[in-house]
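In C-alpha cells, the next block holds one chain alone, the form predicted alone.
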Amino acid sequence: MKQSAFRKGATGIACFFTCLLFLAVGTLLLILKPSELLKALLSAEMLYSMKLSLLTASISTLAVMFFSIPTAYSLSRFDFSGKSLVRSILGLPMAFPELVLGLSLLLLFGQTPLGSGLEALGLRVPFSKLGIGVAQFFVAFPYAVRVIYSTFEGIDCRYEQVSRSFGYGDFETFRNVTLPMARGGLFASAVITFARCIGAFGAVLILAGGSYMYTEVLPVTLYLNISYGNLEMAITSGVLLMGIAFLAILCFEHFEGEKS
C-alpha cells in the first residue's frame, strides 16, 4: 500500500526529533570518561545530594499519595459546591513555571500568620530542608491528583453500588473495593510523583534556597556546578536525574501495558 505524503511527513518529523533527543541524551552520557563519572559520583557533595534527594523525595511522595488519593476520589465520585473551581486551582501549578510556584510558597510561608505560626512551633519552612519537602509536595501534588483521578474514573461505579447494597459504608467500599481495583494506577502515580519530586528545581531553589551541602538536592547540584563551571559534577547529576526519570517511565509503561 502506497503511503501518502502526509503520512511520510508526519513520520519523518517524529523520527527527526526523536533522533535529535537521542543525540542530546547520548552526548550527556558519553562526554565524560567512566573514571571521571565515578570520581564525581563518589564525591562528598554528590553523595550528600543523592541522600538528601532520595530522603526528601520519598517523604514527599508518601505525603502526596496520602492526600492526593482522597482528593482525586472526591473529585471523581462526589458532587459538591465549587468542585470545578477546585479542579481548576489544582491544575494551576502544571500551567505556570515552577519559579512562580516557589515564589508563591515563599510568600505564603514567610512573614504571614501561617509562616509565623509554624515558626513558633519550631517549623521553619523557607530556606530549610523542610522547605525542600514542601516545594516538592506542591510541585508533584497536581500531577498525582490528575493520574489518580483518571484511574478512579476508569473504575465502574456499579462495583461500589453493589458493595453499598450489601450494607457497607462509603469508607468500607472505598477501602475494600475501589482501592484494590486502582492499585495499578496508584503505583504508577507513586512512581511519577517520586520522579517529579526528585526533579523539582525552581520551587525548591526559591523556597528552600540553594545552599551548598545543606539544601542541595540533585537539580540544585546541577545548577550550582554549572554556575561554577564544574562540568563533571553538573553532568553527573544530570545523568543521575535522567536515569531516575528513565526508570520511572519504564515502570509507568510496564503497568500501563499490564492494564491494557
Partner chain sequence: MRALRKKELEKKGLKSRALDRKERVGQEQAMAFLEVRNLELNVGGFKLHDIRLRVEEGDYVAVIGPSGSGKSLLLETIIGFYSPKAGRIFLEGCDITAFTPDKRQISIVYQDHVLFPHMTVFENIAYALQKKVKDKARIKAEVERIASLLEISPLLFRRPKTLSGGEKQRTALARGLVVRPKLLLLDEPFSALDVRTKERLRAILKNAIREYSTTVLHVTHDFDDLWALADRVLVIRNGKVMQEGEPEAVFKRPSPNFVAEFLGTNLLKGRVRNREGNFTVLELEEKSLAQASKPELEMESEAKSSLLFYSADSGKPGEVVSLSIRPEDIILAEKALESSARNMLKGKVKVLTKKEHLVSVSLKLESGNKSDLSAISKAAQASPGFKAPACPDSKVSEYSDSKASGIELKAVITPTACELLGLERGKEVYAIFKAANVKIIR
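Here the structure is a predicted model, which means the values were calculated and not measured. Positions refer to the first chain, counted from 1.
Form predicted in complex with its partner chain: not shown, discussed below.
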is_contact(T151, its partner chain) in the model of the complex, heavy atom dist at most 4.5 Å: no
Since only the chain is shown here, I'm wondering whether R164 would be in contact with its partner chain in the model of the complex (any heavy atom pair within 4.5 Å). yes
With a 4.5 Å heavy atom cut-off, would you call S116 a contact of its partner chain in the model of the complex? no
My question is simply whether N176 lines the interface with its partner chain in the model of the complex - judged by any non-hydrogen atom within 4.5 Å. yes
Go through 105 to 113, 129 to 137, 88 to 96, 180 to 188 and give me the stretch that gets within 4.5 Å of its partner chain in the model of the complex, heavy atoms only. 180 to 188
